[in-house]
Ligand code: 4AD
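For reference, the chain that follows is the form predicted alone, supplied as structure tokens.
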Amino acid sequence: MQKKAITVSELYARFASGEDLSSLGPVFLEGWIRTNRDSGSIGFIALNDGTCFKNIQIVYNGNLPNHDVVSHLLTGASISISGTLVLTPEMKQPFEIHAEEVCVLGDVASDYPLQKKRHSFEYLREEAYLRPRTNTFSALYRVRSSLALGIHEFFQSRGFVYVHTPEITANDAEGAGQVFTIATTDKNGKLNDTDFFGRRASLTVSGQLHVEAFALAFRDVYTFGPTFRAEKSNTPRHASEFWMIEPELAFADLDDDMACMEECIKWCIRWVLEKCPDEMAFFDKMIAPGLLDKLNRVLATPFTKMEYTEGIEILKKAVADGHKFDDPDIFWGKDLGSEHERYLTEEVVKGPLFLINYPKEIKAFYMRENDDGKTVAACDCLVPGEGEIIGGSQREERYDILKAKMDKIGNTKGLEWYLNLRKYGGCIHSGFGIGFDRLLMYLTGVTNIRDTEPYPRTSSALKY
């Protein structure tokens, strides 16, 4: 029967609890070598077993029967160790393992792509199947896993119902037409995009329309899953496949919506700071110095509200006063870029900002039209260092107004069910969307969405 290994995370947890590990007796561990250095009389292995971000130091000497083999093991090899735990309060690590037996479970070839040096993010994207073994991506994907749980904890603890919305759909929720069409092939390999469902179908760009129907039955709901955009946009913030968090709140107006957004983003910050302290400290030190200060300032700062119209006037004045934007053409009706959003949140309010009441022409058809006839009850949540991080709106609950808008853009056919929600016991309701991968960029300081996604999907790139 195989020995039961103790994990590195368990050792650190037991040490943190105050347990005296010096009396633990023989220990058995399994993991992968991060580094191995041998001076002849003594050697040191940094071992990571995947259960936590921290490594554990393994000390070995010439008494090992297979010392010559162990001393030449390379980064990436998998091994098991039997030995004794020794407390080292005077060292950087609180304890280490003095090895009595080291077994090689899986050697690593000399052409292993991850050598003992720093690799660029660009290089590691080409080796995406191995990059979780590096410090940066070990930390990043551990935070991703923890934050996904945190998202569910936030909504579930507030009584929201989790809805699995379809990935295959017959409508484009955003009305942009940038969708991946689904097709089947016949025995000759000919594509057909209508024979399977009897109409054209595509991968979803959003679960919002489907989850709205559930909000009008369960009150507060959310969906959290993959979405797809057929955009050939080669920027650090765009991907063809990404995960979206999309809550919908019945009997809620735009102010209620923004209150939920603020509460959610602060919850996410607190969650990763509390659940992933080692990883977040690593990001603060190695990836984005000042990250922890930035996040803690957001936690301590109430979110400001500003009318879109006021924001435009402020940006116009900034241009007139000599501020240099890459795009200095500011006008009412403009869909603001990240540089404009960052100016408002970083230079003007110096904190998180809700920019509200956008021109209806630049927002989606489902957003509630304001009484002025020009704007909709929509908001973007802007944060320092990033710009927009959340978008939301009060939904148009008035049947006649929504029908007129849908008829005008020509998307009523096929969405009659969505329109009918307004006459079958409809009510005011609101919702928002958070791009999970972009949220990770903000929380970790990683600047490219291709790195926050385990296997990124972007135009002209499909290696894995």
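Just count from 1 along the sequence shown to find any residue number. These numbers come from a predicted model, not from an experiment.
Just so you know, the form predicted in complex with the ligand exists too; it's not on screen, but the next bit is about it.
The site is open: after superposition of the local C-alphas, no atom of the ligand, taken in the predicted bound form, comes within 2.4 Å of this form's backbone or C-beta atoms.
Between the ligand and the residues 79, 265, 244, 250, the one pair within 4.5 Å by heavy atoms in the predicted bound form involves 244. Only one of the listed residues (357, 204, 208, 136) places a non-hydrogen atom within 4.5 angstroms of the ligand in the predicted bound form, and that residue is 208. Although the partner is absent from this view, residue 60 stays clear of the ligand in the predicted bound form, with no non-hydrogen atom inside 4.5 angstroms. Although the partner is absent here, residue 433 lies within 4.5 Å of the ligand in the predicted bound form, judged by heavy atoms.
The shortest heavy atom separation between residue 366 and the ligand in the predicted bound form is within 4.5 Å. In the predicted bound form, residue 239 approaches the ligand with a heavy atom inside 4.5 Å. In short, of 92-100, 299-307, 182-190, 383-391 it is 383-391 that has heavy atoms within 4.5 Å of the ligand in the predicted bound form.
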